[in-house]
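We begin with a single chain expressed as structure tokens, specifically the form predicted alone.
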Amino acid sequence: MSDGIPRGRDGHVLNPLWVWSPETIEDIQSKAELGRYTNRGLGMTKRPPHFEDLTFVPCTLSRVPLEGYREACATSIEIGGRHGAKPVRLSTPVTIAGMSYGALSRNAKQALGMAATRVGISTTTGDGGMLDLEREASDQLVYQVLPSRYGFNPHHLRMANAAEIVVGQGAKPGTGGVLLGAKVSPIIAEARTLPPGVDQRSPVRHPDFVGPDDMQIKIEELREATDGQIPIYVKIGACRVPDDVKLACKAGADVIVIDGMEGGTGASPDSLMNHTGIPTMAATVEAVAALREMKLEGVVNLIVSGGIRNGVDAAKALALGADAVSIGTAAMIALNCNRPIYVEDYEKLGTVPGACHHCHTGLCPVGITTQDEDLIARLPSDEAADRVEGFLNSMTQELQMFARACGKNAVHDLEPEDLRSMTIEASAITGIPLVGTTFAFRPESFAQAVAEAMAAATANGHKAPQGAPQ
């Protein structure tokens, strides 16, 4: 039948099992043929609790909104000045996340740097060191310090505007990076001191430290190597967020980057992306709470990343207490990722535009996640930078739109009171009241509400209900 409902030959409705769904069956059979787990690019496939589950409550009679065309709304922020370093100045609270030259083509990295410079924000190197073209294109460049040390150069470190110690990332916390042999071209192999054409798997642990005490020494070494002139970031995959944030603060971090499970990657085991870490929204709440507990909110700056799709998500992250957001996959999509061009090349990969996550193959049809010269030529840097610039400007405009609608003349004045939760789950995670109520469905809030109700009942001479929590 043509009603879209699966039916047997006799017309009866077929009910696929949830545990043994067609997707699960296909996954098992694919692994049976391969004899290993599957790798892919981009990010998770299941839907986590997300910023989408929050809504803004702008001004009506109780507050006065700002006029978009007549009243200013500030967006700039300085981050990283905790220990006296020259702070990174962002004209808008958005940064471009670390994506390596190797995972991305040189044209992609150059275009991201160009766009960041035009908008007045920073971009980040990634595993494998600094690409000269990227440094030249980027007014503000964050230099990542990773466990692999691939391409690490102390002279390049001194050329950076900030250093970012990468402890983990949201797409694959607790594991190292992957760059499959198809992308390890002779140029990439030389930069990383690796044999060409061989799969590269980064180590998990930094060779110089294991825990936070050791990391404190590493942070001081980086400060000494850079004459204390640049901020030190610590990037953490969102897992045990409160403890990790507190330990990073104690070790001396100027900026903490929390990368939620929605974060993307060039290559990772599929199972890791869907079943490790916690969502970015939840991680933001936990990180802010940890900073407040240590009385370091606004002193140690917080950048959140992982699944930030637009200025709407960014505005909600700021309202929850983040100082800035970082985008990776969204920037790639702005470059041209999954654009419906060169469709025949998508088909050769067994996919279609809009559903491609074959970054790991090195055969990117639009020249972003590849080292193939013919494919790279499909991504002219100037045109790609124009697109990313346009997207970044749209994010800023959306941030300002929501801030003005909430009566704020600065996007950093957005606050939890400007939000309501659309689901009980979001309310329980964020502590923000559920729409249509004044109640936040957090366990401690519920327990307090019950205790208050019981106390009120007792005060009024009523007996507390039998079995009520004490």
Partner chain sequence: MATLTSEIDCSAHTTREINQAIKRAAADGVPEIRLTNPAARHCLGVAVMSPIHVIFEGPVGWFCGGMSDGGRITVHGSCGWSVGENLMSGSIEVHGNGGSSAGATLRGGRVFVAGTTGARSGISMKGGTLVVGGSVGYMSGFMMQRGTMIVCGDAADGIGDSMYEGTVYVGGSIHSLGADCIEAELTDDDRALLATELDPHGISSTGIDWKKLVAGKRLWNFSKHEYDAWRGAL
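Owing to the predicted nature of the structure, the values given are computational and were not obtained by experimental measurement. Positions refer to the first chain, counted from 1.
The discussion below concerns the form predicted together with its partner chain, not included here.
In terms of contact with its partner chain in the model of the complex, the residue from Gly228, Gly120, Gly390, Gly81 that brings a heavy atom within 4.5 Å is Gly228. Among the residues Thr284, Gln200, Thr125, Gln400, the one placing a heavy atom within 4.5 Å of its partner chain in the model of the complex is Gln200. Residue contact with its partner chain in the model of the complex: Gly436 places no heavy atom within 4.5 Å of it.
For the chain shown alone, Gly151 is a contact residue for its partner chain in the model of the complex, at least one non-hydrogen atom being within 4.5 angstroms. Remark: Pro195 counts among the residues lining its partner chain in the model of the complex, judged by a heavy atom distance of 4.5 Å or less. The shortest heavy atom separation between Ile376 and its partner chain in the model of the complex exceeds 4.5 Å. Partner contact region in the model of the complex: 220 to 228, out of 220 to 228, 333 to 341, 308 to 316, 93 to 101, criterion any non-hydrogen atom within 4.5 Å of its partner chain. Taken together, the three residues Gly35, His155 and Asp214 all come within 4.5 Å of its partner chain in the model of the complex, as judged by their closest heavy atom. Taking a 4.5 Å heavy atom cutoff to its partner chain in the model of the complex, none of the residues in 408 to 435 make contact.
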